[in-house]
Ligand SMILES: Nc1ncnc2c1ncn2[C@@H]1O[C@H](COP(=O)(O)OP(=O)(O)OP(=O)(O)O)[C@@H](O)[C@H]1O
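One chain comes next, on its own, written as structure tokens: the form predicted alone.
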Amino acid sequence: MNEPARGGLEMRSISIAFPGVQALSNVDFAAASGRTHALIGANGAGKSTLMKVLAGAYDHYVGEIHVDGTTASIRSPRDAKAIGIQIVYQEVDTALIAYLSVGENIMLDQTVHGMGGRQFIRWRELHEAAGAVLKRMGISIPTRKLVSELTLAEKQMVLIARAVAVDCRFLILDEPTAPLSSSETARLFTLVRQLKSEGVGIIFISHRLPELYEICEDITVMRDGKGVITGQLSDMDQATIVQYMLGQRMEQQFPDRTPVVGETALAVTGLSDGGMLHDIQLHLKKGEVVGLAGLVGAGKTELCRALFGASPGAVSEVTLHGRKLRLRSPNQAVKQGIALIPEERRREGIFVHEPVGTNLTAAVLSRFTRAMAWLSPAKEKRAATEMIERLGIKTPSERTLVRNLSGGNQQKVAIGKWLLADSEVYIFDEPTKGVDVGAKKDIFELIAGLAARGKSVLYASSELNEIIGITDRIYVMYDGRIVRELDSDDTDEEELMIYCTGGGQA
């Protein structure tokens, strides 16, 4: 795959600023060839920014980068790739070209930069080369399939395939396991070990602390745009790492709740979509947090979208407070008091190129309009500012573009717009994906607060410990069906996993 690389890379006194934000301040970082180095920190700590500097995405940084002891000038992605530095970004949809095939996306760099003066692309050779990369990775995805037809997990693997299809000396993986199932994560780790054995250095960004111990040898913790500590992972336990991340000890992750459960709010009977979902029956009560557990591909996201009116072909009987609903579009769902915080927040939950304030008020603009439908900027700003303070969103102002926020703060914006809408039913689809432990705690407290106000919450996640920790009752999905209903206090992760993998069925 690659010839073994020797040496390592070093970043010295790296600083970078954006309008209103000093993102990095004199950060030192070093990674060795043939080892996996965990780079972690709370959302907004600067880890992704540091890696974007290394990958050439930002050219206005101050500091030095050395590879094998030689100064490297990295001011563009092409500069980074020329010396073997590849990055797989967390935002898969912005990194892939949806209307091109899997093969074309994997071989994109060779197609654009490596045609060698040829005027025509040899399509059969391109797909054969892409297929060879996928086979080496143990992934079965047709190379002629369009990227737009792939699942989120498949898109992630295509991005990794693109990175290792060229001479890769250092591979940066930014939250690579967030969209992957346990089996897909195991496959990725097998690939990482293979690359390490060939001398490739891996820089691994993740909020899933337990998996770091499985795949990483070294660790650097960042906080507030600065490096806090670097060392061997075996010398630190999880509690110590969290303390370095947050600057304080982590209190109990899940809030203490005394649920006051009322009458049935949302009832769903016979929900099917002709494809993934089959005869779904469920109900949510006022003041209740209900879990939707299942592995990647179980149908959780499809069910959440159907309840939000985003699957017009779905058939079911849905009632809210005893009133029959017709949910054929998200607009109808919103009018009926149903809100969805989607899994793919950057594509479906927020407007990344718009300001924070615009995002927070997007679902309730009518509240801030005057006669003749003129928008009142003052009212809009006041509401946005109050929500920023309420949720603890780290942003210079409500005018800051959402794309410049960290993943956890983007998720808070996605949630905040629905808090302003004051909906009756809140559907959370993998809300903590790519979110650090501190932001997770904030999200759990928000959910507990919603339930305390009598709202109904459906919490869909493949993180089984979160499902048990925050919910009152759990539905388990497998292969597009609800296969079990459990009380959260009377189950554990082992039992949930049995049902999530299709076991325990009569």
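Everything numeric in this text was worked out from a predicted model, so none of it was measured. Residues carry their position along the shown sequence, with the first being 1.
A second form of this protein, the form predicted together with the named molecule, is not displayed here; the remarks below concern that form.
In summary, among the residues 43, 471, 456, 36, the only one with a non-hydrogen atom within 4.5 Å of the named molecule in the predicted complex is 43. Checking 90, 101, 361, 316 against the named molecule in the predicted complex, a heavy atom within 4.5 Å turns up for just one residue: 90. In the predicted complex, residue 406 approaches the named molecule with a heavy atom inside 4.5 Å. Using a 4.5 angstroms threshold between heavy atoms, residue 497 stays clear of the named molecule in the predicted complex. Taking non-hydrogen atoms only, residue 49 approaches the named molecule to within 4.5 angstroms in the predicted complex. Although the partner is absent from this view, residue 23 contacts the named molecule in the predicted complex, with a non-hydrogen atom inside 4.5 angstroms. Contact annotation: the named molecule lies within 4.5 Å of heavy atoms from the stretch 406-414 in the predicted complex, the single such stretch among 377-385, 406-414, 296-304, 69-77. Residue 175 is the only one in 174-193 with at least one heavy atom within 4.5 Å of the named molecule in the predicted complex.
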